[in-house]
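What follows is one chain in C-alpha cells, specifically the form predicted on its own.
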C-alpha cells in the first residue's frame, strides 16, 4: 500500500469518526441535559437540608437517608408502590392477553373490535381519573348502583375513602387503561408465530391449552418480558391517575413514591427529603428491573 492510499484511508476514517460524532453528539447532549444532569443534581440534593420555606440549604450527609429509613411512612409507601406497581400489571396482562387471543382469530368485526379496545389506552389518563372518580362516587356512582342492583351490596360504599377499598379501586383504574397496551403488544407477537408450528401441534393432537402453554407463551416470552417491565416502570412512576382519585389517601393507603415526592417537593417545599425519596425510588426500580429480567427474560424460546 502506497503512502498516498494510506493517507487517504486515514482521512476517510477520520471523516467517518467526525460524522459519527456529529450525528450522535446532539442526542447525547440532550440525554445528558434532560436526564443525567437532573439525576446528579437530585442525588446531590439528597445529602442536603434544602427547604425553600425555611430557607435552608446545608450539607447534612446521610441524615436524610437515616431519617427516611426510620420513618414508618417510607415502608408504607414502599409497599404501596410495589402493590400498585405490580398487581395492576398482572390483571392488565391477563385481560390484554385474552383480548389478543380473541382478536387474533377470524371473528366478525375484528378490525372494529381492535380499534375499540385501544380506546382506554389513547384516552388521556387525567380523563380516565375523573371518569373513575365519577364511577366510584358514593352517592350516584355507577359502581354502587350496579352492585346494589345485583345484590352484592345493600348500601352505597365510599370506595375511595376507605383504606381497605381504595387500593383495589385505584388498581382497577390502572387495569382498565393498561390492558389495551398488552393487547396490542401480544397481538403483534401472535401474528409473528409461524402458523406451521401451530398446525403441526394440532395434527399431533395437542389441545388448546397445550398449544398455549408449550407454543404460544414460549414464543411470546420476550414480548411478555419487555411489555410487563415497561408497564411496571410506568406504574411506579404513575401520578396522573392516583392523585385525582385519592391524593395518596385515605390515611396514606395509596401513598406511593410518586405521590410522596410530590407532597414533599411541591406542598412542603422540602427538596432534600423529596430527592432522598427519589433516590430510593430509583434504586427500587433498578432492583425490580434487574431481577425481573433475570427471571423472565433469561432464556430464548425454543422454536
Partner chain sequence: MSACRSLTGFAASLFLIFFAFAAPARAAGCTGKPVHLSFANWASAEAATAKEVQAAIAVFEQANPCVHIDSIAIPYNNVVTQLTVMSVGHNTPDVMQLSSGMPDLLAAQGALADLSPHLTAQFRQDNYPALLQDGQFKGQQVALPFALTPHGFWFNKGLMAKAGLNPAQPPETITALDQAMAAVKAKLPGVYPFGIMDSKAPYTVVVMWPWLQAFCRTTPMSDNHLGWTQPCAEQAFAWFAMLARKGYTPVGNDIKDNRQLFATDKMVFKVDGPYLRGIIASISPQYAANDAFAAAFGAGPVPAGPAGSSRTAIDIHLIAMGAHSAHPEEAWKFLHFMIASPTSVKDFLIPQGTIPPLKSSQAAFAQLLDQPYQKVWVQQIIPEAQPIPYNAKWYQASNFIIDALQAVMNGSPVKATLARLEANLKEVYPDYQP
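Positions refer to the first chain, counted from 1. Computed from a predicted model, the values in this text were never measured in an experiment.
Not pictured, yet referred to below: the form predicted in complex with the partner chain.
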Sort through 101, 188, 217, 162 and report the residue having a heavy atom within 4.5 Å of the partner chain in the predicted bound form. 162
Residue (of 28, 34, 52, 41) lying close to the partner chain in the predicted bound form, criterion heavy atoms within 4.5 Å: 52
Pick from 41-49, 244-252, 57-65, 231-239: which stretch has non-hydrogen atoms within 4.5 Å of the partner chain in the predicted bound form? 244-252
Decide whether residue 210 counts as a contact residue for the partner chain in the predicted bound form under a heavy atom distance cut-off of 4.5 Å. no
Whether residue 168 contacts the partner chain in the predicted bound form should be assessed with a 4.5 Å heavy atom distance threshold; does it? no
Proximity of residue 158 to the partner chain in the predicted bound form, heavy atoms at 4.5 Å: yes
Residue-level question: is residue 91 within 4.5 Å of the partner chain in the predicted bound form, judged on heavy atoms? no
For a quick check, can you give me the residues of 138-156 that have a heavy atom within 4.5 Å of the partner chain in the predicted bound form? 138, 139
